[in-house]
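Next up: just one chain, as structure tokens, the form predicted alone.
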Amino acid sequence: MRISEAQKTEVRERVLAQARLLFARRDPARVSTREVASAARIAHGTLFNYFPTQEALVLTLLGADLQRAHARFRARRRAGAALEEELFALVAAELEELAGARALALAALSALGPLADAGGVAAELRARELALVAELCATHSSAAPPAHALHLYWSLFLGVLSFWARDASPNGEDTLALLDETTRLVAQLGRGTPRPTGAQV
């Protein structure tokens, strides 16, 4: 029996909702796809019609969180803010959205790094993030940001995410300090202006 697009969407959303609940209780690496399928009330094999791997499921959840953060960031943007401030506000909004999903963020890191597969959900997630960063850089410069600036942003973003996921400082101030330095560096490169030799980052 064929199911409608509406039914497919409902099953997909149910899988994501149940996976999010399970991942909130336990390390995603310790949750099996069989458990997710059972919680979503579908056959184990059916799960793979929607998400080919557990990694894709984790990345889809992370991507949804980041998209909500992007919407929040856009709603809060201030006219006249410097590029450094905008980049800081973007990542801060993302970390705020992910506050209850640190284990999920950690589980996604290996799939987002430079040695990961270049396609699939990870590539879509990376492309969305970098498109927004390129847009921000373009509003502060007459030229598009150089490719190496976007590559560096992504590497530093993953580093900040990794640091944040294990940050034990009382209010995350260690992460915020790291983020401040990171966004200053990326903003310099994003504007295409070289930093004078010996200048502090």
Partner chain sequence: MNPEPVTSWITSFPAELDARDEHALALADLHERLAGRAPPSGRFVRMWALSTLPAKLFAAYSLGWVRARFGSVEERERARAEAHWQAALYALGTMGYLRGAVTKAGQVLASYPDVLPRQVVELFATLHSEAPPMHFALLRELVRGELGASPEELFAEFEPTAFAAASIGQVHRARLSDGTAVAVKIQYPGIARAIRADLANARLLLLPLRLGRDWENLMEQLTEISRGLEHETDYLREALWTERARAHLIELDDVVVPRVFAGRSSARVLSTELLRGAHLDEFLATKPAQELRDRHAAAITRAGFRLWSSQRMFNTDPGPGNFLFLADGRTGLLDFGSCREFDAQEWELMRLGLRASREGGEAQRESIRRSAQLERLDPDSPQARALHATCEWLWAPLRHQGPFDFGDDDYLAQGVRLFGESLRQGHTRQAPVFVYCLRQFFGVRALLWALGARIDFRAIAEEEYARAGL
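Remember, predicted model here, so these are calculated numbers, not experimental data. Positions refer to the first chain, counted from 1.
Although not depicted, the form predicted together with its partner chain is the subject of the following passage.
- If you check its partner chain in the predicted bound form, you find no heavy atom from any of E13, Q18 and D65 within 4.5 Å.
- Segments offered: 57-65, 42-50, 133-141, 169-177. Contacting its partner chain in the predicted bound form at heavy atom distances within 4.5 Å is 169-177.
- When contacts are judged by a 4.5 Å heavy atom cut-off, E124 does not count as touching its partner chain in the predicted bound form.
- Mapping the unseen interface onto this chain, L106 falls outside it, with no heavy atom inside 4.5 Å of its partner chain in the predicted bound form.
- In the predicted bound form, R102 stays away from its partner chain, with no heavy atom inside 4.5 Å.
- At a distance threshold of 4.5 angstroms between non-hydrogen atoms, R76 is in contact with its partner chain in the predicted bound form.
- In the predicted bound form, its partner chain lies within 4.5 angstroms of at least one heavy atom of each of the following residues of 70-100: R76, R78, E84, E85, F88, A89, A92, E96, in sequence order.
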